[in-house]
Ligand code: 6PG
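Next up: just one chain, as structure tokens, the form predicted alone.
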Amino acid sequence: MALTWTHKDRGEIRVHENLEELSIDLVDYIAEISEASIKEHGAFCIVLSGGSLISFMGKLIEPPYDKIVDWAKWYVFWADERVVAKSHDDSNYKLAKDNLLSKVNVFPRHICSINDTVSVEEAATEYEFAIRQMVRTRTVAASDNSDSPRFDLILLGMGSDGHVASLFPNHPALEMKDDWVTFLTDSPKPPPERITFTLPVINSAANVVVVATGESKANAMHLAIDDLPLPESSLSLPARLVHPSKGNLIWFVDKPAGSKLERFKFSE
């Protein structure tokens, strides 16, 4: 049973006993938001990330989810992508396709991935243009309080340095305000060339999930959640800057990642 509480500024935190429990809870939540979004406006616009997040979504291809999720109404995007060939092992697209999308009935035309045949700058420009077209045609909802799309659900992992998507500590990309998608040629983690959603897009979503597992994430979780003297405008911890303006924020973590949280230590 997950230990759950709501922080006045940082959303809902769920600390799970183990990875199996986290995976089940995450998939239940995704299925719930999918159903609600489709009932509300006829589609579910979900944004994926790479890393271990996809493995935690694996139960979506198993009963009962494989039959109860309306895959034909899913539209799939990526919060960030490594600018490599789609067949390359570093590709977030390949990871999601191999482990999830190829096993369910999401229409290929509903999968919005980057053009892997152009430069990183062109890839970012084209990806933003494609999303702007989908907002124009109302496939993706528009935010009512900013010039950004309003995705139904953005799924993010968090690094031990507190990075989310490909928004790294103290990187200029964190200060982008007008672009929906930007690019990096100097990522601190390889590969160096990446595209990423900007904070205004992430913070315009209806629902944002941050997944963090493992002891190496414990300090970043502590800094991101607990009321420490870290300025809210600080660029040193990108995860702290995830704060949906008119949406829900939920943190799915395991015990090792949550071990330094003040509320979790108190409950122990």
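Numbers follow the displayed sequence, beginning with 1. Source: prediction; values computed, not measured.
Although not depicted, the form predicted in complex with 6-phosphogluconic acid (6PG) is the subject of the following passage.
Considering 6-phosphogluconic acid (6PG) in the predicted complex, the lone stretch of 143-151, 98-106, 75-83, 113-121 in range is 75-83 [heavy atom distance within 4.5 Å]. Interface membership of Asn219, defined by any non-hydrogen atom within 4.5 Å of 6-phosphogluconic acid (6PG) in the predicted complex, is ruled out. With a 4.5 Å cutoff on heavy atoms, Thr198 does not count as touching 6-phosphogluconic acid (6PG) in the predicted complex; it lies far away. Shown alone here, Lys189 lies within 4.5 Å of 6-phosphogluconic acid (6PG) in the predicted complex, counting heavy atoms only. The closest heavy atom approach of Gly159 to 6-phosphogluconic acid (6PG) in the predicted complex falls within 4.5 Å.
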